[in-house]
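Presented below, as structure tokens, is a lone chain in the form predicted alone.
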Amino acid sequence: MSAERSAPPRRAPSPSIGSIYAPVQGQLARVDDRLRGLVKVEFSYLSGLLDHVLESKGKRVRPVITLLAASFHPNDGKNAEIMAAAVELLHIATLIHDDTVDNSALRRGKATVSNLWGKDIAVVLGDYLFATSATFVCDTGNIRVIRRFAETIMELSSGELHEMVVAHDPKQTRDQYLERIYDKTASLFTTASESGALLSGASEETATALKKYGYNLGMAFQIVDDILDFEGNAQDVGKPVGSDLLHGLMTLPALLYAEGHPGDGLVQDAVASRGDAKALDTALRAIAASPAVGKAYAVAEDYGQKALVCLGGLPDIPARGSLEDMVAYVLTRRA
């Protein structure tokens, strides 16, 4: 399914992760220590599984957002660190389940749990991490945050079920897509930012602003992720390019192409083909060569701008600068 990729629109260089994370670097190190501590269980088989999924750190975007959001009101940082660890664990659990459902062999360039140990082990390990993340949130003692975290698990599960139901349906819509990416991605970004604010003791006004920031950032993040499925490369993205269409899902670039070419049916044929290499390759080439990718970037940038507006009334502290730079990072990332 190779295809000539259109170059992304010109953008300013992405801010470095180091500079974005600088205000909370010490806290993030303690979050990592807390996560690594989970490997120390007496059951050696479970320890090996946990070591496999926790040794690849990822970028820790969600826990960093939690820590930054907790920086706008004086606090000792302990509950924010607990919540940051819970948010990351929940994210890892969803990836394990997603990879299992999608029969994915690789995640971030390394073998998935389901690939190495089988689907049954992967499902149970994901469940174990879901439960562990919930115990962390309970340790904060904040009922409002605990409830929001439970709602997020429901939303994540709903998003996964939604994908299963619409997969290979050529009549997928943009409204369905936006609902799905909120459930599967933006819901956790929203919870990360709102909970950080609430656990710090911030005002309702501040918590609401950060909640809206997380929502818009999460929507932008997933749209860019879906764009990279068309114009990225497998080495950077950590999974095969074109995997969304392969699994029968119409993401924003595909939907925009279909809206702009109502007569050719290329996307619909690819989605309905259930893996036909020729249909997939034809659709990938057409989408990559069309204005659809640029239009999808414009939608992501609109969400990014809305995220920045949400920060407008917050104090001008280093954490706010990092949250602003996070928007630029999300919009310009290539992996």
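A residue's number is simply how far along the shown sequence it sits, counting from 1. Note that the structure is a prediction, hence the values are computed from the model and not measured.
Note that the form predicted in complex with a further copy of the same chain isn't included here; everything after this is about it.
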| property | result |
| --- | --- |
| Interface membership of K110, a further copy of the same chain in the predicted bound form, 4.5 Å heavy atom rule | no |
| Any non-hydrogen atom of D169 within 4.5 angstroms of a further copy of the same chain in the predicted bound form | no |
| Partner proximity in the predicted bound form: K211 to a further copy of the same chain, non-hydrogen atom cutoff 4.5 Å | no |
| Non-hydrogen atom contact I121 with a further copy of the same chain in the predicted bound form at 4.5 angstroms | yes |
| In the predicted bound form, segment of 241-249, 139-147, 223-231, 258-266 with a heavy atom within 4.5 Å of a further copy of the same chain | 139-147 |
| Option touching a further copy of the same chain, based on a heavy atom within 4.5 Å in the predicted bound form, out of A286, L46, L280, V299 | L46 |
| Any residue of 126-154 that, in the predicted bound form, places a heavy atom within 4.5 Å of a further copy of the same chain | D127, Y128, F130, A131, T132, A134, T135, C138, D139, G141, N142, I143, I146, R147, A150, E151, I153, M154 |
